[in-house]
Structure formats: C-alpha cells, structure tokens
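Here we start with a single chain on its own, the form predicted on its own, put down as structure tokens.
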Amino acid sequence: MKKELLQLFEQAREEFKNTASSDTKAQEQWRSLYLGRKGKISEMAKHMKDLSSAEKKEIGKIFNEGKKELEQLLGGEVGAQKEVAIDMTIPGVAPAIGHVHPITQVMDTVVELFVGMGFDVAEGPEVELSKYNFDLLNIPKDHPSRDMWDTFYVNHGSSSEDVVMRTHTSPVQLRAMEDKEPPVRLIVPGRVFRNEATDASHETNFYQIEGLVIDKGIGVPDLVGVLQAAMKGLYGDDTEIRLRPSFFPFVEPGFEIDVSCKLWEAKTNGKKWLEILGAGMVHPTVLKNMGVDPNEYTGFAFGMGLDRLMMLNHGVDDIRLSYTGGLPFVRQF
C-alpha cells in the first residue's frame, strides 16, 4: 500500500502541474478527484484499517504529509489567482438599497404641507383602549362600528377594559389634549385597522391622517379655508372643494369633502368630483371629554385616507398592492 500511496501522490502532483493556473474549473475537478470527500486519497485511506499497527504509523505519516502538500499546492495557486484578480483601484459595486414606500411618500408630503401651515405632528399607539377609540369620541357601545365585524378586539387577560386595534387615528387627538390646552393645531398620521373583507378598494389595515384645530371663534369658514389651502397645495391652484352634509358621531355638523382637480379629471375622462375627506366641527361632548369648555372654544377636525391619495397620485387601482411586499410594485415609485 505504501508504494501505491506514493504513486498516487506523485500522479496528483504531476496532473496539478499540467493544469493551467487560470483554469479554475479544471482545478476544482482536480481537487474533487484527489482531495474530495469521495476522492482517490480518501478512498485509499479506507484500507488503512486492515494494516498492522506499525504499518498504520508509517502509512499514516505518508498520508498526512502527502495530503497536506497537495492542499498547499492548491491553496497557493488559488491565493495567487485572487491576488492577481483583485484590483483595489476599481470602484466597488454599490449594494442595493431600499427607498421610501409610496404611501410613506404621500404621508410625508401631506405632513409637510400642514406643518407649513402651523400644525404640530402627534402620534399614538396602534393598540388602543376602547375609551379613547370609542367612548370619549361620542361613539356609544351600541354604535355599529363597535361590532366585532368592524373592529379587531385584543385578548389581553382578565381586565374589563376593552382593548382594540385602533379603527381610526382620532384617539390620538384625545391623548394629545391630555397634555395641551387651546389653541391647538394638530396633524395625526398613522396606521389603522378594520375587520373588513378585502378587495381592490378595502384592506384590513391602511393609513389615515387627521387634523384638529381648537381655538376661540373657530367656525366652518376656517375649516373650508384650511382644506382649500391643503388641496391646492397637493393638486394645484385650480383645485376646488365642495361640502356635502354627512354624519360622524364626533363632529356636529359633519361633512363629506369632495375634490375636483385636473389629475382626477384626466384619470376619469372628465369626471369632476372625488370624495376624499370627512370633516366637521368638533362635537361639544368631545370637547368636554378633552377638558375643553365648549362655551369658550370651538374647533374642527378632518381626516383622509393616505392609501387613496397614493392611488390617485400614481394611478394604482388595487389597494392591496401596497401590502404584498412585492418589490416590482414599490420600485415603480
């Protein structure tokens, strides 16, 4: 076996010498043939179990030294190739990086617009107490929005306090007013949750942005002026808005706000109005719950869906695309 082993090592050395240094495929084949887990050297080593103790000592030394020599041959050649192949003066390849999601882009634009009008930004928890999400906003326990089909309730142990995934960003207004006194101007962006059947225009989670203004002498004309300025800032000076009476428990009176702009007309072949906001004068009960005297102060609130704004801006026709995590979608924006 000693003679066969020495011949095998010599054969391996000769074949390696005849392998071009630039032929990495041939070198890998040589490595697999001789040094691989099922290579010739490993196969021959299996026969060492049949040798005597003295032969094992002699053959084992030859085996270890020969294998180490072959590994050094291969390692030195690969190292030399790497040294030649790397040119440190060549600019590196920049790693791929992400960018801001289209919904976040719209959110940042709207927030910047209202901050420029003197609004402060407020944030709050997405997992909310029912008293903030419903009770203090004049939404009683028998209101339809508190039904299990509309609200995600959180199982949190034995406490009698209902905990929900917030269904709107309005609870943040109440939390913010615990540390503030009028006059206030707040803008509240964030994610909300509804237990809805999903389709092209509905999702179980989406983004809203709400505004709150409280001061002495605030009226509907102030609400109209702020929203007109905001919509013109978003869609151009020729943008118009109109108010339609509507009902929301936390405002009185309440309105649906429609917007007419060139972007919408171009996308719909001349359709003039798009419903985009809900708004109204803050209900006196809600003002009281905020610790504000409704006989001294009045205010207005408004809210809009950021997903819908993004879809309008970019011509997206399915709200669910924003939440698939698909790179082909987000890379378009």
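The model shown is predicted, which means the values in this text are computed figures rather than measured ones. A residue's number is simply how far along the shown sequence it sits, counting from 1.
Another form exists, predicted in complex with a small molecule; not displayed. Remarks below refer to it.
Listed stretches are 264-272, 24-32, 296-304, 37-45; the contact stretch with the small molecule in the model of the complex is 296-304, by a heavy atom cutoff of 4.5 Å.
Judged against the small molecule in the model of the complex with a 4.5 angstroms heavy atom cut-off, the residues 231, 240 and 317 are out of contact without exception. With the partner omitted here, the residue from 151, 208, 130, 138 that has a non-hydrogen atom within 4.5 angstroms of the small molecule in the model of the complex is 208.
Checked against the small molecule in the model of the complex, the candidates 201, 145, 260, 105 yield a single residue with a heavy atom inside 4.5 Å, and that residue is 201. The small molecule in the model of the complex comes within 4.5 Å of a heavy atom belonging to residue 251. In the model of the complex, the small molecule lies within 4.5 Å of some heavy atom of residue 308. Although the partner is absent here, residue 279 lies within 4.5 Å of the small molecule in the model of the complex, judged by heavy atoms. Though the partner is left out of this view, residue 120 does not reach within 4.5 Å of the small molecule in the model of the complex, counting heavy atoms only.
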